[in-house]
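First, one chain by itself: the form predicted on its own, in structure tokens.
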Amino acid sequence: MRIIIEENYEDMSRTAASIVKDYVSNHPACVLGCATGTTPIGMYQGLVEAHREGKLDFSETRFFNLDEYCGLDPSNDQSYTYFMKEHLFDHINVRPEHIHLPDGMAGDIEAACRRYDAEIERSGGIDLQVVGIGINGHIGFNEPGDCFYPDTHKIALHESTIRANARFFSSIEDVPTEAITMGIRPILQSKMLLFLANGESKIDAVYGALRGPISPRLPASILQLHPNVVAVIDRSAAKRL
């Protein structure tokens, strides 16, 4: 595992964008796994800027998102479909058929999860997977529990996750309590994994993920088993490392 500690969020985002830019430039038809939340926004801004400057072509790149809320229409401004369009997809030359997100509005969620895994497999798996980390150590919406779930699945969100996400909604009662998340298997099977974290609220989670014992109680700790991880962390999140 390669760990890069940057001084602040801006430097972290710049470094992360540079890593993704280099990968896509060298592998234009790659499969890129995307994360949401505030952490990767700066990275996406860097990718959009590179595209606008004519330095990055996404016409052959395929995208798979880690997760989506259950019960939020894609047009809802808090859905992750909306998030990805706002911060990346609407500003680059991605083909609509190359965009894949879990279907949180599916009538049969289990069938939708199976379809999502099958689509990942048909695409040859994830080449570069971007992940952030929650304050409770989750990756995607793989929440702390008694075991690691290998496949895409519906998950009940932990109270800590709901509280953390309440800042994006009018009230905590509006935060969805369930989500669909990519499982651990396709994340670990990715050819390269880019781990991002910033802020003092992530100090313990980052330490547990990168230096603690591997346990489903801190799902991100399983990333220690991946053979090709680059962790880009700002100094405030890296204080225990």
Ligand code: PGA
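We number the residues from 1 along the sequence you see. Here the structure is a predicted model, which is why all the values come from computation and not from measurement.
What follows is about the form predicted together with 2-phosphoglycolic acid (PGA), which we do not show.
A.B. asks: Just to confirm the contact call: exactly one of 56-64, 212-220, 24-32, 37-45 touches 2-phosphoglycolic acid (PGA) in the predicted complex at a 4.5 Å heavy atom cutoff, so which is it?
C.D. replies: Stretch 37-45 is the one.
A.B. asks: What I'd like checked is whether I133, H138 and K202 together line 2-phosphoglycolic acid (PGA) in the predicted complex, meaning each has a non-hydrogen atom within 4.5 Å of it.
C.D. replies: Yes.
A.B. asks: Quick one: is R167 in contact with 2-phosphoglycolic acid (PGA) in the predicted complex, heavy atoms, 4.5 Å cut-off?
C.D. replies: Answer yes; at least one heavy atom of R167 falls within 4.5 Å of 2-phosphoglycolic acid (PGA) in the predicted complex.
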